[in-house]
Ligand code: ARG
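Shown next as C-alpha cells: one chain only, the form predicted alone.
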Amino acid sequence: MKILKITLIAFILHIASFLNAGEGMWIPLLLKSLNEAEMQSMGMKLSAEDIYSVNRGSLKDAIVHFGGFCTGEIISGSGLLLTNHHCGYGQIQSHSSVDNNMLKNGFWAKSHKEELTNPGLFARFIDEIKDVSKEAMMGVKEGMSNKERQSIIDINLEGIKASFTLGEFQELIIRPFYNGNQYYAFVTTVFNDVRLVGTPPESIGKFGSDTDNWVWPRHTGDFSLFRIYASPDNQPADYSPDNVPYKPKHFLPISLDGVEEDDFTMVFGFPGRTNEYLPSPAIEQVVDVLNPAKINIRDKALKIMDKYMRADEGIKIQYASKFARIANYWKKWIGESLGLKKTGAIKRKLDYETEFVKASGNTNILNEFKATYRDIEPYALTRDYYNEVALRNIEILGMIRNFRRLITAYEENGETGYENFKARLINFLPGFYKNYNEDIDKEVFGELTELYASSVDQQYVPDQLKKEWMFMRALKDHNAVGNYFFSNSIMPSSEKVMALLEQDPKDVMVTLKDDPLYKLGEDWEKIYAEKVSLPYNGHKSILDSLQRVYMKSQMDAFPNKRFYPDANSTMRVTYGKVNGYTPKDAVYYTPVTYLDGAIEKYVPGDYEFDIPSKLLELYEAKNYGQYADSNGKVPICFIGTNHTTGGNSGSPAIDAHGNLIGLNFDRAWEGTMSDMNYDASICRNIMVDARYILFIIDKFAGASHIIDEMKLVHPKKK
C-alpha cells in the first residue's frame, strides 16, 4: 500500500510538472469537464454554467471583443462598457485637437446626448460555441499533403457554415485549434454603434507611459468608458440618433471589497496569439536572432519620434498613438527575451522533449524541426527586417502600397477599376496625412534604411538603395539619403498627392512610376516577394505541418495532461490568484499598489509622471469616499497569476462570486515570455483595481451619474 501511495504521488507530480497553476487559456464551453473542479478548489463560488451558458444569461454575455483588438465588459444595465484607456486611445485621439485635447484633459459625457460616436468601432458578443472538429475533419487521412488536407477541410467548413441557422444579426466564425487538429464554431452578434462616454486624462490613464509599460509596480489608471447603442427594439443597428442604450443579457456588478493575497481571480477575454507548444530550436531563434533585430530597429525609430514629440505639443498629439503602438512591442520583446533566459526556457523545452521522446518513441520530428528552423532562419530574419523597416516604421513606404494597388486596379480593370479604388484612396489619405510628419519620417528613413542595408544579405537590398547609400557614405552625410528620396518625391506632400489624383489616370501612372519613393517601394516589395517571402513560406509550410503533427503527438503521448489551445483571438477563460513574486535575488514585489506610490513617482510637468492638481488635492485631503481599503488607502493596481496576452487588454478581472474587481491591462516585464513559456514564478498579469476606477469617475471627475447606473456590491461582507 505504501509503495502504491508513493507511486501515485510521483505520477501526480509528473503530470503536474507539465502545467503550472494559473497556466492556460481555456475554452468556456469545456470548463465543466476540464476546469470547474480545479477552479472551485481555488476558491471560486460559481459553476461552469454561471460562466458559460446558452440557455440563460451568464458571464460570457457581459464580455465583448472590442474593435477586434481588445476586450471590453458590460458594467451596467444600460450598455455601459469598460475597457482600457489604451484600447480606446485611437478613438480618444480622433476626438482631440490642440484646442480640445481630450488626451490631456480627459472627457466625461454628462448625458447620453454628449456621448461621442466612433465610426468603425464595434463590439462583438459570443452567443454560442460549438465543437465542429468531427465534421471539419471528415475525409481527412494520414499521409495527405497540407494542400490536400486543407482543401478537404475548407470544403467541410463551407458545409458546416451552411448547416447553421443564424438570426438576422448573427454571424458565424470558425477557427482552428491545436494547430489545426480541432475546429470550433462561434455564433456571434455584432453591435456597430459604440460611443465614447468617459476617459481620464492621460496623466492618469497613461501614468508612467513608456517608462512603466510592462513594469511592476504600476500606478496606471488604464481605463476608459464606452456605451453600446442598439435600435429601439434592442437589436444591433448602425449609428442613428434614434438608437438607445443597449440592455444586455448580463452585466458585471462591481465589488467594493477589493483583493487580498491569494484571492481567486478569473480573466475573461479574447487573447490574441500564443505559441506555447513550440520546439526548442524555435525558442532559440527568437532569443538569439529575431528579437534582437526587431528591438534594435524600433529602438532607433522611437528615439527619433521621442525627440520631436518632446519639442512640439502638436506633434505629440499627432504621434501619441503611433509611438505607444511601436513602443509596446519593443519593450515586450526585451522583457520576453530576458524572461526566456531567466527561466531557462530552452532547457525546459529540451527536458520536455526528452520526456516526449520517451513517451512517444518519436525522435524524427524533433530532428526535422531543427533542420527546418536552421533553413528558414536567414529568410525569417530578412522578413522581420523588411516588415519593421519598409512597412511598419517608415510610414511613407507603408502608405505607398496603396498606390501600387491603384496601379493594379487600372492595369487589370481599366478606368472603372481605377476610379473605384481612387474613391477609397481619397477617403483614406486625409487621415494618413493628418497624423504624418515628413521631417520625422525622413529621419527614420535615413536611420533604418542604413541599418537594413548593412544587416541583411546584399541580394535583398534594392539597387537604388545600394547606390544611394554607397554615394552618401562616400560623402559621409548620413541625412543625405533621406533628403534625396523625400525631396524628389511627391509622396510626403498631401497637396501634391491630392493634386496628382485630379489628373488623367494615364498621367497618374507615369508620375507614380517615375517617383523615387514609389519606385523604391515597388522594387523592394518585388525583391521581398521573390527572394524572401517565397522561400520563407515554403519552409513555414513545412514547419506548420510539423507543428500540427507534433501537437497531436504530444496529446497522444501524454493522454492524462490537460492541453489548452494556443490563443487565436477567440473567447477564453484564464484563472489564477492574487500573488506577488520575486523578480530577482533579495527582491519581493507585493501584489497591490496604492495612490501613495503614484505620488512618490510624481514629477511636475513631466509627460510620463505628472499628476493632475485635482488628484493631488484629493490625496492631500484624503477625500477618498467609499473607495479606500481597510487601511484608508486607495489601491490603484494589483497582479495575479492569470495567463494573459495581447487581446486580453480590457478584460475583466472577476472575483470568486462573479463580480468585477479589476481591469486587465498589462503583464509584468519579467513574465512577458508567457506567450511561449508560462512560468508561475514570474508570470504576472497587471490589473487596475476597480475601486480606483470608481474613485476617478466619482471623486476626481465628479461623474457620479455614471456611478449611479452601476451595481456596487460587498461580496466579502455577506
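Every value quoted in this text rests on a predicted model; they were computed, and no experiment measured them. One-based numbering along the sequence shown.
The following text describes the form predicted in complex with the named molecule, which does not appear among the structures shown.
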For the interface check, one of 284-292, 213-221, 452-460, 388-396 should have non-hydrogen atoms within 4.5 Å of the named molecule in the model of the complex; which one? 213-221
Could you tell me if Arg383 has a non-hydrogen atom within 4.5 Å of the named molecule in the model of the complex? no
Although the named molecule is absent from this view, report whether Glu670 comes within 4.5 Å of it in the model of the complex, heavy atoms only. no
Would you check, heavy atoms only and a 4.5 Å threshold, whether Ala324 touches the named molecule in the model of the complex? yes
Does at least one non-hydrogen atom of Ser337 fall within 4.5 angstroms of the named molecule in the model of the complex? no
Only one of Asn328, Thr189, Thr274, Ser94 gets a heavy atom within 4.5 Å of the named molecule in the model of the complex. Which one? Asn328
Contact residue in the model of the complex, from Arg195, Lys577, Lys206, Arg298 (heavy atom within 4.5 Å of the named molecule): Lys206
Quick one: name the residues from 81-116 with any non-hydrogen atom within 4.5 angstroms of the named molecule in the model of the complex. His86
